[in-house]
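The form predicted on its own is given below as one chain in structure tokens.
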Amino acid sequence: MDTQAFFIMGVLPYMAVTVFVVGMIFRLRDWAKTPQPGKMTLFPAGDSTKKSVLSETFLFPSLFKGDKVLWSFAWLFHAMLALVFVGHIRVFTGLIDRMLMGAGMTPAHISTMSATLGGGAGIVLLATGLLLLFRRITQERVREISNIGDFFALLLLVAIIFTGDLMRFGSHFELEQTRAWARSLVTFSPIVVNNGMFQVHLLLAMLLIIYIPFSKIMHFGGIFFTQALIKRR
């Protein structure tokens, strides 16, 4: 067995998940222990806390007020990421397929829908990711507040999206083969999928998962954590 391939497909996923979970716990613990000199108001007084948090999470109203062009790119990027995440659940498990077939769809219809939505999302993701990267490079005010980690995270995301698009539109991947690999991880008996592009895509994705707890991408968890900092009424 190829040692490098086995490390990427049979060892690195466990390492990535471990670092991610432990890193998240430590970040949340640090936030919880941060001294608060006074009560903080992060949302308008009298507003519904749950409504505000959900609105900020899914619609980014604060960003919309500050920069409508950036909001359009960012919202579309995150929406497509969510769609791709659901698509990956289908790739690695049969859950989505069973739900759709339970709703009356045939396997052929599911495959067509996956190809259409997944392919479209991949193209839009790559385009918006490149636009966000271009903006970070070319706009002085954005470049000044960016650090190496910001560029690294965005470049890594673009690379993951690009390799994912290559697999969808170029080198084909077998659905059952990837599901067998996912099942092998769950049963702690990992196997290797003989697909070079899939291995590259997986390597990049695992690096991103490892990096998330130490980066600004943690905002996806922080926005829910801030509920503890909202002014008590």
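Note that residue numbering follows the sequence shown and begins at 1. Quick caveat, the model's predicted, so the values are computed rather than measured.
The next section is about a form of this same protein that is not shown, the form predicted in complex with ligand HEM.
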### Query
Of Val91, Leu133, Val142, Leu76, which residue is found within 4.5 angstroms of ligand HEM in the predicted complex when only non-hydrogen atoms are counted?
Val91
### Query
Counting only heavy atoms and a 4.5 Å cutoff, which of 142-150, 117-125, 93-101, 68-76 contacts ligand HEM in the predicted complex?
117-125
### Arg27: touches ligand HEM in the predicted complex, heavy atom cutoff 4.5 angstroms
no
### Task
Examine Trp31 and determine whether its closest non-hydrogen atom to ligand HEM in the predicted complex is within 4.5 angstroms.
no
### Query
Going by a heavy atom distance of 4.5 Å, is Ala205 a contact of ligand HEM in the predicted complex?
yes
### Query
Arg183 near ligand HEM in the predicted complex, any heavy atom under 4.5 Å?
no
### Query
So in the predicted complex, are Leu81, Val84 and Leu157 all sitting within 4.5 Å of ligand HEM, heavy atoms only?
yes
### Query
Even though the chain is shown alone, can you say which residues of 186-203 have a heavy atom within 4.5 Å of ligand HEM in the predicted complex?
Phe198, His201, Leu202
